[in-house]
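The chain below stands alone and is given in structure tokens; this is the form predicted alone.
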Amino acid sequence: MNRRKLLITGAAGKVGTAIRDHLRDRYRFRLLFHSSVPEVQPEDEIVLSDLADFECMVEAGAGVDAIIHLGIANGRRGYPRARYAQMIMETNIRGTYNIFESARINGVPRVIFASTNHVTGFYEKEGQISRPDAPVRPDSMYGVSKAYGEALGRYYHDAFGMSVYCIRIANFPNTETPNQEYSPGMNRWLSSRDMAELTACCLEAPHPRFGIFYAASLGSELKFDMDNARDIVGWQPQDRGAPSP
């Protein structure tokens, strides 16, 4: 069986590591790292580059079957706000454009975009259930940058027929057990297995679609509306982060 090849950006991060661990037997990997290479398998292809480098991103996307875009700007404690905002502009804004344009140029039919619940964070602050069809209400510049990525994905789907799935990831510590206790219905934790299986469902969905999905494990009924992930790509979480209300 000829396994499809995936370009994974941000492959050294928690989500990238989980996807590599859980989906290795189903796909081949081309892994994009920013500055250092962690332990990888001999069959993995390695790209060391900055997302903001357009030419390198076009080259990185050549010959793959899908792109999983996880790379983000990583601010560190003590960074001035202006510096972090500039990092977001270069990585989350420019870099995300580069990835979608690389997919278009190379004829890559599918992009999975790692978004965040912070795109609608003010609903959470007000105690409302966040829904994928509600107007965006970002609670940070990070959330703003991910709202931009979702809008870009919608454009590339409508203009070029690309399948684009945006996953609004909640609390992801890359564990198989919850990292904190949540009251009934208020879970924000997403297990490694549930994240990997949602990614696989997006990769295997049969028809070109655009979708925005909240991603949390079971027990999040009072936080997120996740029904459309089941309806569009057939994903349902298997692990539990909190009791149902």
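None of these values were measured; they are calculated from a predicted model. So that there is no doubt, residue numbering starts at 1 and follows the sequence shown.
Not pictured, yet referred to below: the form predicted together with a further copy of the same chain.
a further copy of the same chain is not drawn, but in the predicted bound form it has no heavy atom within 4.5 Å of R110. Taking the partner from elsewhere, G127 is found to have every heavy atom lying beyond 4.5 Å of a further copy of the same chain in the predicted bound form. Contact check for F172: no non-hydrogen atom falls within 4.5 Å of a further copy of the same chain in the predicted bound form. Looking at Y155, you'd find a heavy atom of it within 4.5 angstroms of a further copy of the same chain in the predicted bound form. For the three residues R94, Y97 and D133, a heavy atom within 4.5 Å of a further copy of the same chain turns up in the predicted bound form in every case. Residues are counted as partner-facing when one of their heavy atoms sits within 4.5 Å of a further copy of the same chain in the predicted bound form; in 85 to 102 these are A85, Q86, M89, E90, I93, R94, Y97, E101, in sequence order.
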